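Only one chain is shown below, in structure tokens, and it's the form predicted alone.
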Amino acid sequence: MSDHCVIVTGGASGIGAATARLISAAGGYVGILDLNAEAGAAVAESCGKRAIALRADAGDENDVKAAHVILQSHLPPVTGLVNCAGAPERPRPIEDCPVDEWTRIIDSHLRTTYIACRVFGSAMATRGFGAIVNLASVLSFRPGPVLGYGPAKAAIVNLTESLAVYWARHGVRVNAVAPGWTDTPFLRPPERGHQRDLTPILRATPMGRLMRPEEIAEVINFLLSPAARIVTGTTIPCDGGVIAASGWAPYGGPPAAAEPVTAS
């Protein structure tokens, strides 16, 4: 898809960076928006001459609009948008989560997604062609002790469905992916190093391993591609079976890999 031009918010690391690299490897153009200008530039450099990185606050509509103007002068018309921007949240009870902090987390995921869809999605709808992939989460469907992140991701699923219907007759498809536990700095922040005990996560994941950013990027790339031309308003879990296994908890969790599987 040599004429494919995709904007990736939060493209400086993790799933966003993996998506940018995959699109560029397939011959597409990539615009990376991220607050971390240095990391964004490094990802763009690894993508080659068809990529550009801009420092932009995805939660500031004026910032995103300004980035859109710059990208229009450096890249072909945008045909795709991937929304990966968002801040991590540590688990804690509601009594220990101030409203301002809760709002910050909600805004970093939901507001950023809304703004990018409003700016880039509206432009694609005007041209009559495009595809959007939003980043949801398994916590969109199965809540956990992150009281801003989970509700924001659930709302992204709803927003995805709403925009899919709104823009269906305008040639713009809108879908989402819902990653499970993925091996990114989001899961293991640099300040924690690699000391986090992943045993509970691996036990809750039927596949028994973390997802890789490149694996999520492949699903995103499919949803952006003509192969998914009839897919819109859908959220695809990319979780190694976490959602499917949630009902196994009272029975001791999903079967471990070491346990033999026998037919009845």
Ligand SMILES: NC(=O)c1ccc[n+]([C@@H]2O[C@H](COP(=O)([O-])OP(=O)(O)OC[C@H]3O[C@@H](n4cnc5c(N)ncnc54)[C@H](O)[C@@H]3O)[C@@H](O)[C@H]2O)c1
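Everything quoted here is computed from the prediction, not taken from an experiment. One rule holds for the numbers: they count along the sequence shown, beginning at 1.
Below, we turn to the form predicted together with this ligand, even though it does not appear here.
Problem set entry | I132, W167 and I236 each touching this ligand in the model of the complex (heavy atom, 4.5 Å) | No, the candidate spot makes no contact with this ligand.
Exercise. Is G14 a contact residue for this ligand in the model of the complex, using a 4.5 Å heavy atom cut-off?
Worked result: Yes, contact at 4.5 Å.
Exercise. So in the model of the complex, does any heavy atom of Y114 sit within 4.5 Å of this ligand?
Worked result: No, Y114 stays farther than 4.5 Å from this ligand in the model of the complex.
Exercise. Is G240 close enough to this ligand in the model of the complex to count, meaning some heavy atom within 4.5 Å?
Worked result: Judged by the heavy-atom cut-off of 4.5 Å, G240 is well away from this ligand in the model of the complex.
Problem set entry | Non-hydrogen atom contact N36 with this ligand in the model of the complex at 4.5 angstroms | Looking in the model of the complex, residue contacts with this ligand include N36, since a heavy atom lies within 4.5 Å.
Exercise. Ok, G171, P145, P185, P77: which has a heavy atom sitting within 4.5 Å of this ligand in the model of the complex?
Worked result: Exactly one residue meets the criterion: P185.
For this session: Identify which of L224, A217, A56, A53 has a heavy atom within 4.5 Å of this ligand in the model of the complex; exactly one of them does.
Result: When this ligand is considered in the model of the complex, the option within 4.5 Å is A56.
For this session: Heavy atoms, 4.5 Å, this ligand in the model of the complex: which of 158-166, 81-89, 116-124, 68-76 makes the cut? Say which one.
Result: Contact criterion met by 81-89 only.
For this session: Check each residue of 126-140 against this ligand in the model of the complex and list those with a heavy atom within 4.5 Å, in sequence order.
Result: Heavy-atom contacts within 4.5 Å come from L135, A136, S137.
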